[in-house]
Structures are given as structure tokens and as C-alpha cells.
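Just one chain is shown here, as C-alpha cells, and it is the form predicted on its own.
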Amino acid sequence: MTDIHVTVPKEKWAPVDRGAQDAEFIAAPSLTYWQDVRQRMWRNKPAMASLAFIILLILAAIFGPMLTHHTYYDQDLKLSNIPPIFEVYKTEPTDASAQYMFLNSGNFKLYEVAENGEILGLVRAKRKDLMKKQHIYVFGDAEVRVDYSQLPATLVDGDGNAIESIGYRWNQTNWFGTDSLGRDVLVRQLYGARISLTVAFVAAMVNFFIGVFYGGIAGYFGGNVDNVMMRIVEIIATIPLTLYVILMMVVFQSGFLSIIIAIGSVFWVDMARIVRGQMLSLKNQDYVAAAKTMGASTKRILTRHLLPNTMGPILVTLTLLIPSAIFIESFMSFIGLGVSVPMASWGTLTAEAVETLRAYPHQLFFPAAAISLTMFAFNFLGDGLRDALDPRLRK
């Protein structure tokens, strides 16, 4: 095999001129750990969108009910089961101004509305023809009939001709409509958010102040202390949460208080297990041995050296446990073990909407969407924190 040698003239090569400033320009900027976490979190679009949604939800739950004259308990049976969007019809009597109305096809009631969609009130039928399945209304010299002989019900004039629709309008009086008792659904949604966020706050505080320190002490001391403390955790974890809530209801006679106490008494066990595992892996590190050599107390080692180094897993676990607490509260309220009437919760709103699902599906959509979006937001935020806090993913 013959070697081939290629001679390249020296003038074809030139050294790269690189100074000290060029080296600094090429190198990546120096970042602290938390600066790098913030940058990676900012680049995670789903996590940032979830964080923005959670902040908006908190602000809406706190200030939203203050910006409306509706309350979660006021009832107006004349305005029951009104949808958020409805079709508006127009009739023009010769001796009166034009009348705008919409027909609630679920209960065959006719409502007078403004042209922009504001509800003015319920219109009473002049007479009812049960043989022809019609309700007759009179506006000046114009006659309007609600014909429900065939579903869905239709609006016709006195000659039987269909009344022309002028299009759909958004409900300007109740943006999310009303429920079966005429209560504003939007305000009840916001009060339900208060309940769910309160449960989330309690779950977060319990996990942080009980679960973190309980697991930290068990993992740091180890031995018999660890065995006894973990057996207690296993006993608590084996009892179903539903049973806790039922027992609390017997003692305290309050659904929401029972849920708060039940979550506060048992929801920290998962956090304790995770922190214990982190402590077992970190307590043998060199910096812990150095702190012991310098005479640091156990409290100082736990609070200044070990717990700060487990903050990443703690924040991730905390964020991922919050949607579980929200779902537990909603489920308990759905089966009747949650907040008491007339307080509003996403679970109670869902339970009430199931009864009228066929006629008014929108009443189920709003609480179900709120629960789903909130749980998705916390899960996406938890995933984003997990990726941002992991140093192995640093680029």
C-alpha cells in the first residue's frame, strides 16, 4: 500500500488571532446555582404558563367576588338555569318599541333581555295551551308563542311563523350563567377556588413544617429513632383518608373543618419519607463531618447544612402533592363529605351539575375545567421545578 503525501504551501495557513478578551467572550457566563435555576425555569414555557395561571387564579379568588354584586348564596328562582350564551330573538309590535327575548329550551321559559345580552327579567305567559303544548305571550299587539310540541322548543308568532333570530349574545348579567337555584355560577366558582386554594395552602404548610422536619430528624439520627418514627408513618399511611374525614365529621360537625384537620394530620407522610431518604444519603458527606468537627449542634447541621441541600426535592414534592390535596377536597365535597350548604366548592358544584347534565351541560363544564386546569398547572410547575433544580441537566 503506497502512502500519499500532500504538500500544502505555508501561505495557505494562518494562525488564529485570539486575545484574552476573546477567551472571555467565548466562555459561558458564570452563574450561581439559583441564577441557573431561574434561567432554566424561564425557558420552560409550560411551567411558566402554569405559574401565571396559578397566580391569576389566586388573585381572582381573592379579589374577584369583591368586584361583583352577586354572592355565592343569593337565590333568584326566576333566573334559574340560565346559560352563559343564548340566542336572542326580536319582535316589533306596532304600538310599542322592539322587544328582545331569549328562550330557555331547558324549562321553556321566556326572558326579556337587552340587545347586548343583559337579562331584564322573566316574562309571564298570558295563557298556556296544554293541548297544543304552547305558551302564549303578548307584547303590545304582537303575540309570541313558545311551541314545545317538538323538541327543541321554538318561538313562533301568532300565525305560526318562526321568529327570526338576531344572533347569539353573551350573558351580561351572569357571565357563567346561573344554577338550578338562580345563583351566579361565576361567583360560586371563585368561592370554590378559595376553598381549594385554602386546602392547597394547608397541605403545603403541613408538608413543610411537619413532613420535612419529621423526615429530617428520622433520617439524621437513624437507628432506633428512625425505626420507631418510620413505623408510626406506616401506621398513619395505612388508614384511608376517607375514614379520617368521616371520624372528623362525627367529632367536629363541620365538613370543611374535617377535611382541613384530616389533611393536616396525615398528608405529610409522603414528604417525610422523601426527606428521610435524602437525609440518609447526605448525612455522610464531608461537609457534614466538617461541621461536626467544628462543634456545630444537631439543630444547626439540620437547618443550615442538610435541609437547604434537600430543598430541590422538597419543592418538587411539595408542588406535586398540592394537586392531590385539591382533588381529595373536591372528591370529598362531591360525595357529600366536604363543605356544607350553601358554601361553594368545586366538588359541590360538580355534584349539583351532574343532576342537570343533560339539560344544562355548561354547569358541569366550569367546575370540571377548573379542577382539571388547576391540577395540570401544579403538575406542569412541579415538572418544571424538577428539571430546573437538577444540576445534571445544566447545559
Partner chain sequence: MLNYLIKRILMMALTLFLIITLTFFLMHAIPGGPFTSEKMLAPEIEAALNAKYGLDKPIWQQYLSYLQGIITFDLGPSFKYPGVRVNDLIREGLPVTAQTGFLAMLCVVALGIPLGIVAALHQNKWQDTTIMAIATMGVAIPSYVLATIALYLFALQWQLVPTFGLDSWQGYILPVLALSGFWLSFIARLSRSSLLEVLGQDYMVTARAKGLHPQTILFKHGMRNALIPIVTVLGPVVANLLTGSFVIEQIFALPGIGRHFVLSISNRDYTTIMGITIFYAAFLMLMILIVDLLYMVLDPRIKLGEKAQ
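These numbers were taken from a predicted model, which means no experiment stands behind them. Positions refer to the first chain, counted from 1. Whichever C-alpha set is largest while still superposing within 1.5 Å between the two forms counts as the rigid core.
The following text describes the form predicted together with its partner chain, which does not appear among the structures shown.
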For this session: Would you mind picking out the stretch of 82-90, 109-117, 238-246, 209-217 that comes within 4.5 angstroms of its partner chain in the model of the complex, counting non-hydrogen atoms?
Result: 238-246
For this session: May I ask you to choose, among 251, 151, 130, 162, the residue with a heavy atom within 4.5 Å of its partner chain in the model of the complex?
Result: 251
Seminar exercise, completed: Residue within 4.5 Å of its partner chain in the model of the complex by heavy atom, from 194, 183, 145, 276, is 276
Problem set entry | Non-hydrogen atom contact residue 56 with its partner chain in the model of the complex at 4.5 angstroms | no
Exercise. Could you tell me if residue 339 has a non-hydrogen atom within 4.5 Å of its partner chain in the model of the complex?
Worked result: no
Problem set entry | Non-hydrogen atom contact residue 343 with its partner chain in the model of the complex at 4.5 angstroms | no
Exercise. Is there a heavy atom of residue 350 lying 4.5 Å or less from a heavy atom of its partner chain in the model of the complex?
Worked result: yes
Exercise. What residues, if any, in 345-379 have a non-hydrogen atom within 4.5 angstroms of its partner chain in the model of the complex?
Worked result: 347, 350, 354, 357, 358, 361, 364, 368, 371, 372, 375, 376, 379
Problem set entry | Rigid-core frame, C-alpha of residue 245, shift of 2 angstroms or more between the shown form and the other one | yes
